[in-house]
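The chain that follows stands alone, in the form predicted alone, written as structure tokens.
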């Protein structure tokens, strides 16, 4: 019996074929490439003979509707490569795919007058694809290689019912409103200057304040949890990256080297080799372990221009990195502590739902198989002990060890990969990392890589969209806007601001506009959690009228009472 996921995958895959069929009907001479099902939908890549715009999508949808009403049956056929080359003679992308298929035969699916290279699965006939919507156009390099031709990708979605489709479209509209690039500009949080460096983030004062609050919290909690802080350089000689294996396994994501004193230096793509160099500055005893070292370390990775996306995909970013150096008998306990720490941190930022995966040994790997088994068992037992529901992701561990990935769900129920816990056998071997055990013999150190937030930039983008720009009070860059109704109350407003600041509250005076309504509107636009309004009555009574962004009018109160409310909310991080 097919699972619900399998059926949905077949539905989406079928929709991509119907879309390609419609495109070829409406735009003769179009070259078509690939069209898989993806999470929440499907896409197909085309090379058009004319420039396409999103206005064309409605026409394509109309033609798809005609094909669907014809109830065309999806028929699987296995043909020889020679026959396939004859069928797809004018389609260079299909011919390239045929050449890459092993064996003498290829699988195809036919519906109506349309045929495509395909292994399936598909629905029985086109009439089952009823509830669909084409979403947008995008550029996509053939085979994801920027050296190849740029194709036009059409995205769409399809669901078994009209209700599910409508709900998905509703969430998409909400996502547009919450887009971190849009909110970042409206709230004056950050900018990206493509003309002088794509993928590099400029933090504005308000965004930098939120980042400072995040970093302060991060460092304080790490110290409480037995971590020690590190700071390391941004570059090193290429020899370090040769030893770590990055030049062999990761070269395509590294920037070009620079020549300094006739020697090659490399911008760091990772922090781990630097932490290892600190570890190796002195002999370590079994009594010294575990060592928990953490760093908010900025790294630089070359990402293709086509995949850069606001804060989510950048070229320079700060990892909330940590490495735990431990003995084999300490491994499980350290993993448990790390999982508990991850959950505490994520919940504090408002993330309550997760998808958890245990990724096991891939085909190509390094290290002793017995050690892999021990590490996987330690990860599994730690997940069970912490009570997290998880799925095993067979063969998806990294080449140097198994890992746990925790994907958070945001307010729109989208998943984001942030937290990871990885056991590493490779780097300790490459750098000959050891400790002296209680029997006087040298033993190999085990290394755990872990990130709680991932990168600060990406996590900030996720956090911004999760809260829709309405950060909880403890994170808000400005916590209180003090609004004098008239110029006569300006002095009183200053005294209120000073008292708030004396109590650690981030406050400012909003007096740029002359009218009260505009002042209130501008505070709401900037998502300031509280407004303290001062008019003649408030000055006379020594009070303020308080409005909450998410709670309406709280009425007049004394400033000390207001401060108590703010402090409690900040303490609770709600």
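Positions refer to the first chain, counted from 1. Owing to the predicted nature of the structure, the values given are computational and were not obtained by experimental measurement.
From this point on, the text means the form predicted in complex with the RNA, which you will not see here.
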item	value
Contact check for 136, 150 and 454 against the RNA in the predicted complex, heavy atom at 4.5 Å	yes
Contact flag, residue 144 vs the RNA in the predicted complex, heavy atom cut 4.5 Å	yes
Residue contact check: residue 48 to the RNA in the predicted complex, 4.5 Å heavy atom	no
Partner contact for residue 167 in the predicted complex: the RNA, 4.5 angstroms, heavy atom	no
4.5 Å heavy atom contact, residue 317 to the RNA in the predicted complex	yes
Heavy atom within 4.5 Å of the RNA in the predicted complex - residue from 178, 301, 110, 222	301
Candidate from 31, 543, 508, 547 lying within 4.5 Å of the RNA in the predicted complex - any heavy atom	547
Candidate stretches 330 to 338, 347 to 355, 305 to 313, 286 to 294 - the one whose heavy atoms come within 4.5 Å of the RNA in the predicted complex	305 to 313
Contact set, 501 to 531 vs the RNA in the predicted complex - heavy atom within 4.5 angstroms	512, 514, 515, 516, 517, 518, 520, 521, 524
CA-CA separation of residue 303 and residue 398, closer or farther in the predicted complex than in the form shown [shift of 3 angstroms or more]	closer
Comparison of CA distance in the predicted complex with shown form for residue 146, residue 181, at least 3 Å	farther
